[in-house]
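We begin with a single chain expressed as structure tokens, specifically the form predicted alone.
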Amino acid sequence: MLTKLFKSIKASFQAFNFIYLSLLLGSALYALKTFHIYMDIYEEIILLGSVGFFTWLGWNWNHFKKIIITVFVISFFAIQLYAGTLINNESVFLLKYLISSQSAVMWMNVFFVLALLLYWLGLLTRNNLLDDIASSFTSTAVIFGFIGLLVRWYESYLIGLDIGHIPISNLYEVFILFCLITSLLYLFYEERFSTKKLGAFVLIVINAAVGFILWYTFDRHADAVQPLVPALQSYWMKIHVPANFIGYGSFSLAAMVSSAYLLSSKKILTSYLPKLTILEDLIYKSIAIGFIFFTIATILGAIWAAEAWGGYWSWDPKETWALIVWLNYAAWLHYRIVKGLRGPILAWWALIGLVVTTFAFLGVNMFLSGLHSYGQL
């Protein structure tokens, strides 16, 4: 009886994986068929490569698979509602209030705020039900955020075929990307370490980004789709930016877990939080993953710079601060792995590292000028 049940579950799981792969391939083929005249060979390779990456990730993390399936189904439905006319986002009820790009991003913001509140209530009251709801709200926010980006991608082509581009080209778009990547990283570790108590800390940095998105939208009206500047009209952007933000998201996650570690080490909320060894391990894993992707992004950025400006390195302020960030985390990992350093000093270092990373990401755009001036506020 148990053997039959196990075989049935295994068959269902394999069928789900096949549906997932079919959905990814179908979406990629739809994109190739619809937009292939605007894509070069490198962009087609990136598109198909992303199918392989998402397939591997989904097959190894079931929750991610569910998120991606939901995102693609709803995004495709939203695209059909547009019927090739951008004005429909003001006349079709579901688009106007739920799944147009801007509406979806606003719902993302709402669910992230609610998740933060519930994570803290769940932490302080030790209410596991609130933790579960907060985790579900975080996943829901991620779903709305990805729908917002995918639909925005389609909307950019409705505005003009020469304007259409992947929505990771300005501060408004990459802040959304930061929220989504950081949330996915947290949700993965939340499941892997079987704890939902750290959401109260991690969602703080995500909601800080939400605050920026809201300010940038209502004060600067930066949510409008803009044509790409010449320097960004490159296939390198499609891999450099996501790799960079996996790094940023991982470093942010490590910093927020470090704040929980420091509080727990001072006997504050100790009984509410995971053990220090678990927190320490999570900080290390986050920085290690972030460092790998940030290194890849830096190398890709150098190649992109050579193509766009004729040199791999020009000591532009953005490049210089990226090097500072890289050296900071390289030193952190060196002292952690080679020197065997442990304890609060590494947690403080990770927190300070977030300040350095934030300046490299945003402060340079605000206070310094250079070849990356297209990212100014």
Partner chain sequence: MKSITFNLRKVNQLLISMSFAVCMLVFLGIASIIGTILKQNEPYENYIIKFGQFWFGYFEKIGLYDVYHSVWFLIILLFLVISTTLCITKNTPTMLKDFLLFKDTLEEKSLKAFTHHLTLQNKRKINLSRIIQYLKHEKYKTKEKLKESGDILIVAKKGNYQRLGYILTHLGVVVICLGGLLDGNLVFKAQEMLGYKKIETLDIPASKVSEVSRLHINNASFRANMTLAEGASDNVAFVRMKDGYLVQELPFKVALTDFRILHYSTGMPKSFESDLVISDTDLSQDIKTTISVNHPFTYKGITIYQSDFQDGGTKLNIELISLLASKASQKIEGKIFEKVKLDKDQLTYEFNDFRKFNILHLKEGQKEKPRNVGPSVTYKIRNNSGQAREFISYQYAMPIDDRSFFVSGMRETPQEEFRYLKIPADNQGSIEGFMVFKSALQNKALIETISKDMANQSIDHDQEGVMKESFENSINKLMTLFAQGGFSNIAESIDKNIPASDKEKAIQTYLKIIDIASVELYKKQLKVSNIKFDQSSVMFIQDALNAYSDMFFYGSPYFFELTDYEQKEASGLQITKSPGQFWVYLGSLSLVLGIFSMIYLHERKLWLLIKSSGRVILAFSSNRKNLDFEREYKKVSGEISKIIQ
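The structure presented is a predicted model; accordingly, all values stated were derived computationally and were not measured. Positions refer to the first chain, counted from 1.
The same protein has a further form, the form predicted together with its partner chain, not shown here; the description that follows concerns it.
Not displayed here, its partner chain is kept clear of R126 by more than 4.5 Å at the level of heavy atoms in the predicted complex.
Contact between G58 and its partner chain in the predicted complex is not found at the 4.5 Å heavy atom cutoff. Although the partner is absent here, D281 lies within 4.5 Å of its partner chain in the predicted complex, judged by heavy atoms.
Although the partner is absent here, G211 is not a contact residue: none of its heavy atoms lies within 4.5 angstroms of its partner chain in the predicted complex. This chain is drawn without its partner chain; in the predicted complex, the residue among L327, L341, I352, I69 with a heavy atom within 4.5 Å of it is L327.
Distance criterion of 4.5 Å from any heavy atom to its partner chain in the predicted complex singles out K285 from the list R152, K197, K285, H240.
Contact with its partner chain in the predicted complex, defined as any heavy atom within 4.5 Å, is confined among 333 to 341, 61 to 69, 44 to 52, 22 to 30 to 333 to 341. Contact annotation for 274 to 312: residues with any non-hydrogen atom within 4.5 angstroms of its partner chain in the predicted complex are T277, I278, D281, Y284, K285, A288, I289, F291, I292, T295, I296, I299, A302, I303, W304, A306, E307, A308, W309, G310, G311, Y312, listed in sequence order.
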